[in-house]
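A single chain, nothing else alongside it, follows as structure tokens in the form predicted on its own.
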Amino acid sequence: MNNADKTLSVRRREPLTDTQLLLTITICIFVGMYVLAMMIWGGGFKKPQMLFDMLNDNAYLIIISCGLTIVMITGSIDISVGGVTALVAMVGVMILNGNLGLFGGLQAALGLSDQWRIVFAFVMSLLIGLAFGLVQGYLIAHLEIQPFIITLAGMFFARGMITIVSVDPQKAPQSLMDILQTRIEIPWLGSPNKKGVMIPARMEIGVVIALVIVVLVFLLLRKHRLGRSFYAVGGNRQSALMLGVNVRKTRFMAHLLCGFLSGIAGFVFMMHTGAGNATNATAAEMNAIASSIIGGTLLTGGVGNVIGTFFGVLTLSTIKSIVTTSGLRDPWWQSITTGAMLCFFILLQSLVLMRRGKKKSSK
């Protein structure tokens, strides 16, 4: 056996890392669950559009969950993301309507066209997200205040600001929503209707944005030095310091990125719903945390994969679709099944990692 064959043989024997193992478990469970739903309930589950509808409805949640994954890998948490998303959506709708106080007067003075009003709303969404990430990141990383307390205050602040912006629910102009809700047709994944006419699958622009963000965050975590620093800080802060990692800067950047992604998520949420409301994105932060955990991200930090988070969102959405299809339409059934699934994944992760730890210690 030559050296190349020996090297290849050694690589094949290398065990999966904890992150890779948990990712594999998540993907297998999602695929098994979806196939089982197709076999038992059939109907919509057999149509590709069902999967695309899940993506359309949860594009904003995928983006939020990516931000939560980054923060949780560092061993931190951010529960303000749902409030920030709702605030951004409300501000975006008000800008599109042209009646957001000072900004409304600025728009009128500049005579912005429909396209530029959308751009203006998107820029404001990014700035709001960055503002929350900047303030919270500084307080957590540099003043070392507990992340839960800071982001809890951020959540209350964001929810309160929504009612200051507008007490009444708002709806974006239909002419602008026709632009924002443009759907991409995928003919080869279509399905016939009752008359036998082939209907192409449709995907919203927000899904494309979400998928691009998943890829970018994946590359950041896997290829960039900052991504490796996130894992190092989450694994052991003292060891990270000894390796020359700037722990404060790393934690600050994690929360800054999370806020930035929450701003994008709010804009994508507005694209999907076209509405601003104080109840928007309710419990989105809890769903994002659950999706990250189901995807293999540990609350203790140091382990996580954004691809697993993506499948975690799809797993949660599949569970809710199964519950609804089964006739259990009351919202508490979805909460019960989500809680049960979350407990199952946490227990499964603990057992798998505990067993791997025993094997490593016995060698």
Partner chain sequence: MNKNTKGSALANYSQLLVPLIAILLLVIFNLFRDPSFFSVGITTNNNGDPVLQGNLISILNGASELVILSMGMTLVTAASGGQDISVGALAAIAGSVFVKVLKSQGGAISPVLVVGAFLLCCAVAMAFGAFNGALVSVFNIQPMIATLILFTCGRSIAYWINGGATPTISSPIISAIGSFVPGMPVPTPILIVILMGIFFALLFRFTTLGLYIQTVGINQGAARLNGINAVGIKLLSFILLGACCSVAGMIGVSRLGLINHETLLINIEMDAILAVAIGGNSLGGGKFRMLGSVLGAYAIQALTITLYAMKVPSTDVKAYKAVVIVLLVVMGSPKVKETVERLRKRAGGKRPAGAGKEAA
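Predicted model, so just to flag it, every value in this text is computed and none were measured. Positions refer to the first chain, counted from 1.
The form predicted together with the partner chain exists for this protein as well; it is not shown, and the discussion that follows is about that form.
**Q** Taking L139, F148 and I289 as a possible spot, do all three reach the partner chain in the predicted complex with a heavy atom inside 4.5 Å?
**A** Per the other structure, all of L139, F148 and I289 touch the partner chain.
**Q** Since exactly one of H272, R248, R117, R202 fits, which has a heavy atom within 4.5 Å of the partner chain in the predicted complex?
**A** The residue in contact is R248.
**Q** Looking at L180, L126, A153, I213, which is the one with a non-hydrogen atom within 4.5 Å of the partner chain in the predicted complex?
**A** Going through each option in turn, the one that passes is A153.
**Q** Among 180-188, 202-210, 155-163, 255-263, which stretch has residues whose heavy atoms lie within 4.5 Å of the partner chain in the predicted complex?
**A** Comparing against the partner chain in the predicted complex, the contact stretch is 155-163.
**Q** Does the partner chain get within 4.5 angstroms of any non-hydrogen atom of M354 in the predicted complex?
**A** M354: yes, in contact with the partner chain in the predicted complex.
**Q** So in the predicted complex, does I25 come within 4.5 Å of the partner chain, heavy atom to heavy atom?
**A** It does not: once the partner chain is placed as it appears in the predicted complex, I25 has no heavy atom within 4.5 Å of it.
**Q** Using heavy atoms and a 4.5 Å limit, would one call S335 a contact residue for the partner chain in the predicted complex?
**A** Yes, S335 sits close enough to the partner chain in the predicted complex that at least one of its heavy atoms falls within 4.5 Å.
**Q** So in the predicted complex, does any heavy atom of T300 sit within 4.5 Å of the partner chain?
**A** Contact with the partner chain, yes.
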